[in-house]
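Only one chain is included here, represented as structure tokens and corresponding to the form predicted on its own.
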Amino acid sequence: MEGGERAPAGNATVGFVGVGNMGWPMAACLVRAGFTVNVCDSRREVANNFVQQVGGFAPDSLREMAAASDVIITMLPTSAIVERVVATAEDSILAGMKPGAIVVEMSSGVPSVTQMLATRVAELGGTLIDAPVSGGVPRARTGELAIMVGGEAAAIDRAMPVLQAMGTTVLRTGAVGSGQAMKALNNLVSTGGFLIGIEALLIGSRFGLDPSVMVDVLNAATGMNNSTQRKFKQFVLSRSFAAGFSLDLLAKDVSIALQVGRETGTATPLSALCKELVAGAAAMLGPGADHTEMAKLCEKLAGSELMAAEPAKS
């Protein structure tokens, strides 16, 4: 399309940067929804594999991808990488972005960096919105993510068909950067629920309660949370620790939440303790650990291990 002409959102060509654990199934949802999808990844072979296995196209550069796309999604590990991909590298999104394009920053990033990038994008005639996600790899595969989106209402409206192809819940949070602030705070709350739940299971198991029964009781009572429902039996008591979201990324998100706390002058004593425990688990386990493995730090501190009781023999 020429100049600043805007494609109807439902017919948009989508550029997708970062086809990793989360990005791959998210981009696959867009292909299934009928969008033309151009994928880029720092690992060229991954982008090529995506095209072979799922569909779409793998342009030779970010510049080429941006020039061919109406909506450009970034799904990357850190804001530093997003900044390089969007604006500072020689081969960047801004080097090829056409006027009127929408950049959708879906990474769990630092809100202040995203706000700076939004200004850079606007200077070249585009619009950046932030739209981080919650739900993990399983819900990314099924297109049932919760998406928290911040930015100009008109741009969100135009991007909505793309967002709805990846998520069943799209929640508007306010100005650009607010989605990422909300995502970090959500993960902070999730972390607190996980850690206090594991501590309770350890207390109960040392008292003589079956941890599996405890989880059932918590899920039927007021102690229920996402971890009691979706993580404790599935990944901790089973000892599989394979939820698909890394402890390193969780540590980053909790740190972002604390940074927002500092920037707003908010006292965060409980949040700071969560951050210390997550950082301690990351140091103990090393890079690449699943976030559910932070239960191992709690077990080490308690001096016992959680495991579902053996079924009684008849």
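Remember, predicted model here, so these are calculated numbers, not experimental data. We number the residues from 1 along the sequence you see.
Another form, the form predicted in complex with ligand NAD, is not on view; read the next lines as being about it.
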Next on the checklist: Going by heavy atom distances of 4.5 angstroms or less, which of 85, 214, 165, 195 would be at the interface with ligand NAD in the predicted bound form?
Outcome noted: 85
Checklist entry - Using a 4.5 Å cut on heavy atoms, which of 174, 100, 136, 223 is close to ligand NAD in the predicted bound form? => result 136
Checklist outcome for this item: Partner contact check in the predicted bound form: of 69-77, 232-240, 204-212, 111-119, the stretch with a heavy atom within 4.5 Å of ligand NAD is 69-77
Checklist entry - Does any heavy atom of residue 21 come within 4.5 Å of a heavy atom of ligand NAD in the predicted bound form? => result yes
Next on the checklist: I'd like to check something about residue 262: if you look in the predicted bound form, is any of its heavy atoms closer than or equal to 4.5 Å to a heavy atom of ligand NAD?
Outcome noted: no
Next on the checklist: Whether residue 275 contacts ligand NAD in the predicted bound form should be assessed with a 4.5 Å heavy atom distance threshold; does it?
Outcome noted: no
Item to check | Contact of residue 252 with ligand NAD in the predicted bound form (heavy atom, 4.5 Å) | outcome: yes
Next on the checklist: Suppose contact means any heavy atom within 4.5 Å; which members of 181-200 contact ligand NAD in the predicted bound form?
Outcome noted: 183
